[in-house]
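Read the single chain below, which is given as structure tokens and is the form predicted alone.
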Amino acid sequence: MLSIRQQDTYRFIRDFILRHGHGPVLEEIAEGLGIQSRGTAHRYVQALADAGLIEVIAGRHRGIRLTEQEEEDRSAYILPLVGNIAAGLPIEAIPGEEHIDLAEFFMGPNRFVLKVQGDSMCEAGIMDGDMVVVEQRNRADDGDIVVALIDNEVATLKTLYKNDDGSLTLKPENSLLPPFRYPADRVLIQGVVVGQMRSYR
């Protein structure tokens, strides 16, 4: 298991290689992580090498690279971004040179996926059968779409609002359904929605 900072280091190195075509040096890693010490960055890099995620070629400038297996695994989750398209008036889709890394878009520490059942969040664009990507947290902000456990029995997907009296409102995003108000001690926040997936096949 990698620590959170080691995971951050791996994502930085991976994205740096994708953008620049070569590995970063320790100074760039430290700057990217917001730390001062090259020694700390070196320890993170060594941990990734020990885990088999990267290779460090001794004596070579910019000698950090992804292992072949990691490169193959990563390529399976990258799609080309071929341009922009309007959802209103039709415009020409202009080919671009960027790529979208689906793993980076959806993956992250403490994330999991839930399949949505029902139409209580349809006006937020979350439909029956959609998959939502949830980041596990026990706190959320007003307006976040959360996974909430009520009375340690029923889990639900709703928009969270905090009331002045300390209670919580869980609001369906469906005008046909009423909001539900609970004392805070009856509601356990289990995560916040950070992404959504839908298949049309």
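Here, rigid core means the biggest group of C-alpha atoms that superpose within 1.5 Å across both forms. Owing to the predicted nature of the structure, the values given are computational and were not obtained by experimental measurement. One rule holds for the numbers: they count along the sequence shown, beginning at 1.
We do not show the form predicted in complex with the DNA, though everything after this point is about it.
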Among P24, R38 and A58, does every residue place a heavy atom within 4.5 Å of the DNA in the predicted complex? yes
Q. Is there a non-hydrogen atom of R5 within 4.5 angstroms of a non-hydrogen atom of the DNA in the predicted complex?
A. yes
Exercise. Determine whether any heavy atom of K162 comes within 4.5 Å of a heavy atom of the DNA in the predicted complex, and answer yes or no.
Key: no
Does at least one non-hydrogen atom of H42 fall within 4.5 angstroms of the DNA in the predicted complex?
yes
Does any heavy atom of R62 come within 4.5 Å of a heavy atom of the DNA in the predicted complex?
yes
Within 4.5 Å of the DNA in the predicted complex, heavy atom basis, the matching stretch of 170-178, 133-141, 153-161, 29-37 is 29-37
Kindly check if the Cα atom of D165 is displaced 2 angstroms or more between the shown form and the other one relative to the superposed rigid core.
no
If I superpose the two forms on their rigid core, does the C-alpha of Q7 end up displaced by 2 Å or more between the shown form and the other one?
yes
Point to revise | Large Cα shift (2 Å or above) at L188 between the shown form and the other one, core-fitted | key: no
